Every structure is written in C-alpha cells, then in structure tokens.
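Heads up, the chain below is alone and in the form predicted on its own; it's given as structure tokens.
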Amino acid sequence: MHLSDAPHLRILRLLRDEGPVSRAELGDRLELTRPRLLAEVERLVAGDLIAEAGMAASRGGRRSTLVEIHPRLRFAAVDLGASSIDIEVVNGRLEPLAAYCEPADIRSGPKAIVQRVNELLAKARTDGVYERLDAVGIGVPGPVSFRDGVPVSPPIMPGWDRYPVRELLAREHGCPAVVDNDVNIMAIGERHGGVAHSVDDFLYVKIGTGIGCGIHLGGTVYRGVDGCAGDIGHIQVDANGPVCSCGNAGCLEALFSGAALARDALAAARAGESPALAERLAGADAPGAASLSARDVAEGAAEGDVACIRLIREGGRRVGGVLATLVSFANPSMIVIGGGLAQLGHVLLAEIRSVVYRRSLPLATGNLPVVLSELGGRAGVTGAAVLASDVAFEQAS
C-alpha cells in the first residue's frame, strides 16, 4: 500500500486484508484527518463497498463503530495454465466461496477456453455463490499488454494474439475485468497470502510448462513498458541447445521445463540410464504411449535413482545461473520458486540455492532466502482475486 494511493483505495485494501477496523483506528493507521476519513467512509458505505460491523472495544472515550468490507462483494479469479483452468469465486476478504479446476488445453484457442470460463462462472451463479460479480481477474500463460487487456504473441497460445480477453469478460459479466501474465498473478498472490507476505522486493519464479519470473519491486509488480518483463524462459543459456517454442535456440525453457524434462526423462529411460524411469515407461497405461512426466522424475529421485537426481540438478543449475544474474541486477530480498516443477522439491531447490549463492555477489546473497511457494497451485487464483478487487476498488472513485 502506497501513501500516494487515493484514501478510498487505502481504506478498502486495509479492510480487505485485515478485516473489520474501527473508524478511529482507520484514521490513525491511514493518517487521515477525522473529517476526511468520515467523508470517505460515508461515501463507501453509500456505495455498498463497506458496511457497519458493530461496536469496537472502548479506547477510553466514546466507543467507535467498526466498519468492514461489504459482505455482498464477489470477485472471480481465473488462472489459465497451459493445460488447466482454475477458478475461484471469492468474497470481499478474498476468501474462496467456490472453486473449480479442470484440465484444458490452452492451444484449443481463446473462444473455447473463454467460453468454458464463462460456463463455470455461470455454474457458480446457478449454485447461488453470487448474484452479480464486482470484477473478474484472469492470468494467462504468455506475454500480456496489461494496458490493453490482451495477450501479445504468446508462444504456446496459438490464436490468442491480441484476443480481447478483458473486453469480452467485462461485457459478459457486466463488471470490470483485468488480465495479466500468469506469473505476475502468482507473484501478487504470494505477496498477499504466501511466504512473501511482508516482502516488498522479491522474485517469484514459476517453473512449469514454461518458465517465467514475477518481479515484485517496491511493493508492486514491475511489468515493463509493454508488459513482458520477467520472461526469463527465453534467455539463451546454450547457443547449441534445442530449438525453443519461440523459434530461438537454447532458451532456458527449452532446456528445463515440464516438456523438456519429460523429453530428457524419456531419453534416459530408453538409453538404459535410469531403472526407475524405464520401469515407469514399461508400465505406461497405453501401449506405445511412450511418455514420462516431471512427476515420474520426482518419484524416481525420491527412490534414489541417480539419473533422475542428475536431471533435476542439471535443471536447477541452469535456473540458478539465470537467477544469479537477476540477483546481481535487481538485489531482491527473497526468491520464491513455484509452478508445477516445484514438486521436484528440495533437490531442485538446493541446486538453485547453491548456484545463486556461489555466483552472485556476497552483499546481494548474504541475507537472501530462496524458498518454495507456500500457496502452491493457489498462487495464481489468489493473485487474480487481488487484481480483481483492486480494479473494482479503483473504479469506485
């Protein structure tokens, strides 16, 4: 929260994040004069954004009344992954009232995916979760023009370039909508309710189908001029490496991501380097399916399979090398590792830490925790809910 924010925004965010507060305490916390505070509170009460919530404990004089975020407020939070849709409908305190999660292929195109999002939200309305939405927040797995509310040339999202996601959601649900990159919403979620709760300057690194970095500096996400800051998956780490989905060779994402790890695991199994992976490949459900996943590698590593441990450590070393550069550049106070491949756990984390601590300046790493996300799969929907509430509050001015 920035002191430069409008008073009504500061009041709404404080009540959202901390629950009922007395008028007297609001004035103290936000350093507003009593007449200004009372005028803002009355306006927000009249607009059904906050509500009376009984009497506060006495502070020695007349008892002050508590105010709270209005219990009728509802926000929709949507996290689109490469292979999944996660949706939560939350109240004004961002507490989930309903959750929907199902597999979905982002490559099936924007019409099919957005239609399915609308169907799931309609189901929530039919189930009585909300009468009307106050805002929708959505994250997508590719670069986004935050200003325009559209994806821009996303490598793994064919057909989504400049698709009017924000405009269509706003029109469908009759409320403001906001669209951001998936890793940015994860960073916002982790800042709101995860391990980075009290940290203003941190990097959130998502390692999954792709690799991205949410850059949270000075208490807010840094998106860059065009919205593509933090796209670290397309930093080249090996000029002779495999071709990436973006068309360049040797990107971090092409060497270590969900698809890259599955590819390397399959090669290790077929070459006889990994008994654990060979056994899983032989036991695959469909004959000729010939597929392995990051989970297979994680399980193999837990059993002590040398090749699985090596694959994870090699990936961690590559990620750590890129992060060491970012640490020297941005000097964050924390690095949070999330996304699907965070399930690789402490073998991955230990390798990333080792490289970051070894290759960054001692001053930058002397007090730098590198930790796993606390929110896990909920980081995205949590951040989307925060963004949705922020856009609703901003439009209440």
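Please read all numbers here as calculations on a predicted model, not as lab measurements. Residue numbers here begin at 1 and follow the sequence given.
Not pictured, yet referred to below: the form predicted in complex with a further copy of the same chain.
Colleague: Even though a further copy of the same chain is not shown here, does it sit in the predicted complex so that L217, G224 and G227 each have a heavy atom within 4.5 Å?
Modeller: Per the other structure, all of L217, G224 and G227 touch a further copy of the same chain.
Colleague: For the interface check, one of 66-74, 325-333, 344-352, 34-42 should have non-hydrogen atoms within 4.5 Å of a further copy of the same chain in the predicted complex; which one?
Modeller: Checking each option against the 4.5 Å cut-off leaves 325-333.
Colleague: Exactly one of A259, I235, V129, L266 has a non-hydrogen atom within 4.5 Å of a further copy of the same chain in the predicted complex; which residue is it?
Modeller: Exactly one listed residue reaches within 4.5 Å, namely I235.
Colleague: Select from the listed residues P143, G300, G139, G194 the one whose heavy atoms reach within 4.5 Å of a further copy of the same chain in the predicted complex.
Modeller: Selected residue: P143.
Colleague: Even though a further copy of the same chain is not shown here, does C213 get within 4.5 Å of it in the predicted complex, heavy atoms only?
Modeller: C213 belongs to the contact set for a further copy of the same chain.
Colleague: Mark I106 yes when one of its heavy atoms lies within 4.5 Å of a heavy atom of a further copy of the same chain in the predicted complex, and no otherwise.
Modeller: No - in the predicted complex, heavy atoms of I106 and a further copy of the same chain never come within 4.5 Å of each other.
Colleague: Can you work out whether A364 and a further copy of the same chain are in contact in the predicted complex, taking contact to mean some heavy atom pair no more than 4.5 Å apart?
Modeller: Yes, contact at 4.5 Å.
Colleague: Just to confirm, R359 within 4.5 Å of a further copy of the same chain in the predicted complex by heavy atoms?
Modeller: Answer yes; at least one heavy atom of R359 falls within 4.5 Å of a further copy of the same chain in the predicted complex.
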